[in-house]
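Encoded as structure tokens, the following chain is the form predicted alone, with no partner shown.
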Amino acid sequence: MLVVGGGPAGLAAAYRLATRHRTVGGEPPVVAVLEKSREPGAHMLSGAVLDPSALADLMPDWQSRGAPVAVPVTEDRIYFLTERRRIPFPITPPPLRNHGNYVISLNRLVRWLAEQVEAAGVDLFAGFAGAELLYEGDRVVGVRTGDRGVDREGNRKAAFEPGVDIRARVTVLADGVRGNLTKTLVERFGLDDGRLPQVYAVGIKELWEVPSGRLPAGAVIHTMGYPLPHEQFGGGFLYALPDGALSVGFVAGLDYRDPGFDPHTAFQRFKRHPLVADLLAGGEMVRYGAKALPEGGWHAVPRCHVDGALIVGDAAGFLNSMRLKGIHLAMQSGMAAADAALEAVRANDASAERLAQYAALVESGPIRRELHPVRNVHQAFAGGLLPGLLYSGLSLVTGGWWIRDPMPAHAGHTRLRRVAGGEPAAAAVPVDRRLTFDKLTNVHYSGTRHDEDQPSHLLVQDTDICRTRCREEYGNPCTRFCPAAVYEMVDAEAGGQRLQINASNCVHCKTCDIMDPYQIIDWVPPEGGGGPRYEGM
């Protein structure tokens, strides 16, 4: 069996596949994991506060094995921010109470999980990206990895290595938010027919080292309000790790209306708020990253089984936007997929009908129990902060019921309003490189590395739209919504402007694939091993 993606969902599936035979009997299956980053965990980014329930289900002795869970949560604080003030919430809503959870580095947890998976007998191949699915008719039969050693013009270099076809009875797709393989599978079979469109957010994070004692280890702070307007979804977070390490981040919904909005700029403005600036004073930023989050909830999850394949984790949209957590749900989905896949292989039947057991396990297990009651939460925020908060509180009593269930939703890129012409106004923020940073400086701290002489992995189907329609109708929002300065409009030789793609800056967040108003940008994996290195994130 083949797992594509070495994150929490993929590794949970692989470990379960490799160890399940100990309780149900039979020979251990042959399992392989493909991971596009150059080392396990290198592309893993999250806040992160871990609900350990799924880890305990997967590996009951996780504590004695030395899982790097850093520190238990010691306190929760929630603030509503104005430009200069902070207003504490009088109570912490139950979904944001983190007693029993842990502040972690997802990078380190996944690296440790990879070690457990390999010790269980799984072959883990880092630096190999899944480029395309292999089919026999309409049955998925494996994955083709990307070619290596191709120059930017598409020519083979001296060290060219062709991609490899890896065939499997069941392929588990754990390729993350807006995964390239999952995206093509969903489109080919209409797996999202009758479902709400997936809605996303982008999370931007810096890891800081601050003077000891500034914030006690295990402290968790969430904010809403400033610097976002009331009609826009999002908020900030600060999570205190041991030894003066502090995770500082900002989440912005990718369903905003203002084409001049820049999530990175909003994050820098957030850090200038006195609450955050005081905590960071005298500290040093040591790492940066960004990733998209699937926020659409239960009604946006596609059908996750086809002949020969299953979809798990963020690729499927298993994230609780009310609790701000998804790692445990990703792991639960990986375990459910492993159980269904193992039974299908042993029955010599990997049909969609047989693999539908995965959907049954999701429906009857902890994933539905957690996601169904909050199924309309993100959609409620489409009307603004106050309606979203009111509905969120009401859902705790009603179990998520509303007059219209599901609440209507629209793909985020369709909500962008057009401008009269030219570039929309975008508020700037002073950059001092001590507290606030420009995008290129931040990219440097992401550890991102790509071979410059390779084809762009950001495929724009029609760049003429960028210099004409998009410039006139939206003011080229890609130059703002990308948190890594990948997209740039530069002067053209014949006058006017053209799109320049700085693909080597890409931190693999997928925001461009999600938010482009014309949906002409396709993110595909670069040569295996390329991308960020989120050490400690």
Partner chain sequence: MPMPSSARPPVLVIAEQRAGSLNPVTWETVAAAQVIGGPISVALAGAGLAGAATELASADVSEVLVVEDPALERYTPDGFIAALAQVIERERPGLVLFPHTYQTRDYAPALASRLGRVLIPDCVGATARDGGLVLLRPMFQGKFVAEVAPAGDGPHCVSFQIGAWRADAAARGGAAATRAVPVTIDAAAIRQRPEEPFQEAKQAVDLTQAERIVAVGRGIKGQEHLPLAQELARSLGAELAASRPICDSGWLPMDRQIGSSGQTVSPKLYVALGISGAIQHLVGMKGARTIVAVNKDADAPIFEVADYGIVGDLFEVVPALVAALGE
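Predicted, not measured: the structure shown is a model, and the values here were computed from it. Positions refer to the first chain, counted from 1.
A second form of this protein, the form predicted in complex with its partner chain, is not displayed here; the remarks below concern that form.
Student: Tell me, which of 136, 464, 193, 453 has a heavy atom within 4.5 angstroms of its partner chain in the predicted bound form?
Tutor: So the residue touching its partner chain in the predicted bound form, by this definition, is 453.
Student: Could you spot which one of 261, 80, 102, 445 gets a heavy atom to within 4.5 Å of its partner chain in the predicted bound form?
Tutor: Exactly one residue meets the criterion: 445.
Student: How about residue 494: is it within 4.5 Å of its partner chain in the predicted bound form, going by heavy atoms?
Tutor: No - in the predicted bound form, heavy atoms of residue 494 and its partner chain never come within 4.5 Å of each other.
Student: Although its partner chain is absent from this view, report whether residue 440 comes within 4.5 Å of it in the predicted bound form, heavy atoms only.
Tutor: Flag for residue 440 set to yes.
Student: So in the predicted bound form, is its partner chain close enough to residue 51 to count as touching (4.5 Å, heavy atoms)?
Tutor: Outside the cut-off, so no.
Student: So in the predicted bound form, does any heavy atom of residue 505 sit within 4.5 Å of its partner chain?
Tutor: Taking the distances in the predicted bound form, the answer for residue 505 is yes, it comes within 4.5 Å of its partner chain.
Student: Only one of these stretches, 170-178, 213-221, 445-453, 343-351, has heavy atoms within 4.5 Å of its partner chain in the predicted bound form; which one is it?
Tutor: Single hit among the candidates: 445-453.
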